[in-house]
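Below: one protein chain in two forms, given as structure tokens, structure 1 then structure 2.
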Structure 1
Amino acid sequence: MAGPVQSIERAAAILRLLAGGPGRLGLGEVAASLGLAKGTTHGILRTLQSVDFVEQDEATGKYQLGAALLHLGTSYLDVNELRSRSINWTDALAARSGEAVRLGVPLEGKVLIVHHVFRPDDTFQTLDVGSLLPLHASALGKVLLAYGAAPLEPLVEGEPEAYTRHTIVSSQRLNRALAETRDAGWAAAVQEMIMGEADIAAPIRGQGGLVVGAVGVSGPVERICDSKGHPHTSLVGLTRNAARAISRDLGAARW
């Protein structure tokens, strides 16, 4: 019986490295991390790029996972499984944060809300399950865009809708916001979709490290943010911890 194909093993190692990293990686970083020659690494990266499994940033020359992996990353994961695996953690997040919690996945250029836990108080609330949010104007959407779970090109090439005066509509500002999301490991949207409302979100990873969804808290700006409009660090920590816990239940490695 034939043994493993070395080039495929190396390609898989590169994809895992890009999936588990905090952001884009340069050719030298990939080669050094895996102990491969730069020429060999470059050849594999170019091949992966040709089938859209890897994308190269034109400005920096660094690599990240490509949009084509979206289908591979989410097709194996049934939405019902994602929701069932997250129920305990989202309930706990709502209880600890005192805010509403939503779970989102990419769907045709939007964020589909597949699970929603009400804020634990007596205020009137409307169930958001099944609703669609804009990728560029929500924290859940920014997470999906930043980690390649949703395609960025339609937004960059088109004209994103400005829901409020705070909505990010320029491609330059959006790319900067997504880079900040990858560096920080979480995203926020403060009055970008609805005035007076803000949300925080973090990525959910499945097996292999690919981002398959996002979980976040949302509510009035004065509850989510401090007096300067910055999200409370305590809420950020709770959200990220919940995302990690759900990811572990889905089989993702610890990070």
Structure 2
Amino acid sequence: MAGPVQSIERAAAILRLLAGGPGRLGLGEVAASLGLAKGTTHGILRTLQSVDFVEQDEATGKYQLGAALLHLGTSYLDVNELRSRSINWTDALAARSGEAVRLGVPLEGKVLIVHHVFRPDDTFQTLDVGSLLPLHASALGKVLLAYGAAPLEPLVEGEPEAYTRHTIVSSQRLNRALAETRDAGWAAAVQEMIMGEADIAAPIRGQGGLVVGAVGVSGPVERICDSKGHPHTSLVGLTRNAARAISRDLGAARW
């Protein structure tokens, strides 16, 4: 097994120093306190700053702990910001796919819909924002489960509800479905929550690749799937492209 990663140890030391110190510290003070070269220290501080663990005062140039550290346990991306940053891409996804688009984040064992774009056919539709979907019976939820954005244990410990005869309720089958989702990079749920309805979803990644939400298209099964009941590959492609575009905007470098 590889030994400890030196730069991570140093980053941890810097965070401890800033947390324990009297307030803001300058670059020189941090470097001197830890016996590190200024260049090395600067590099680490810059990286910590880029993930919001450290903040630099504009006027004095001194460093302090960042607000993100205080909210480490909770979702670090504001859902309303997620909507603002996604809106152009979700509009484009709806326009190109011809289907309704929804964006979901995990909330207390469910999927919270934070953004909804109507199907572009100008029929009467109402906004679903604020409604909750089950994790195991929606494509959005499966994506959140598959990438660790929502915990699986509480769900399989309590018995997952069977909404239709297609709902996956056994933990073995659910685990298999989630592994498939991770392999494929997207999920589908076909008539698993409501008969006649289907959805497709892909992960939205934030900084460092962490999955912060899921975006997908949904609608009647005959529009989302082909005659064999498989999701249309064109819809899958459009959904994944939109998810990647949003991820790029959020600063996920590789996706």
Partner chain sequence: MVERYVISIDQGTMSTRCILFDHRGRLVSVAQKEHRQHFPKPGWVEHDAIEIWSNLQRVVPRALDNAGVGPDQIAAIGIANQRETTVVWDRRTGVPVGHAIVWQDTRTDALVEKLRREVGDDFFVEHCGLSPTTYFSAPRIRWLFDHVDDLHERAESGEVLFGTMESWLIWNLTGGPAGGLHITDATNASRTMLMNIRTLAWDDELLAYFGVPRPMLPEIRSSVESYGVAHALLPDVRIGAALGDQQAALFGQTCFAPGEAKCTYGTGSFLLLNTGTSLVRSRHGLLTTVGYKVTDQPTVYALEGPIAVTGSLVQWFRDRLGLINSAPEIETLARSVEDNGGCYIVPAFSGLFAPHWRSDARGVIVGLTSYITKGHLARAVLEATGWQTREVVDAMNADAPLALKELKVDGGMTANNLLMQFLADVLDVPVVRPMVSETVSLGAAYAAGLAVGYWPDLEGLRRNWHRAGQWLPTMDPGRREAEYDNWKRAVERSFGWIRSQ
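Quick note, the numbers are simply positions in structure 1, starting from 1. Note that the rigid core is defined as the largest set of C-alphas that superpose within 1.5 Å between two forms. Keep in mind the model is a prediction, meaning the values are calculated, not measured.
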query	finding
Selected structure - the one that is the form predicted together with its partner chain	2
C-alpha of residue 240 off by 2 Å or more between structure 1 and structure 2 on rigid core	no
Residue 29 C-alpha moves between structure 1 and structure 2 by 2 Å or more, core aligned	yes
C-alpha of residue 53 off by 2 Å or more between structure 1 and structure 2 on rigid core	yes
Core superposition result - C-alpha of residue 13, shift between structure 1 and structure 2, Å	16.7
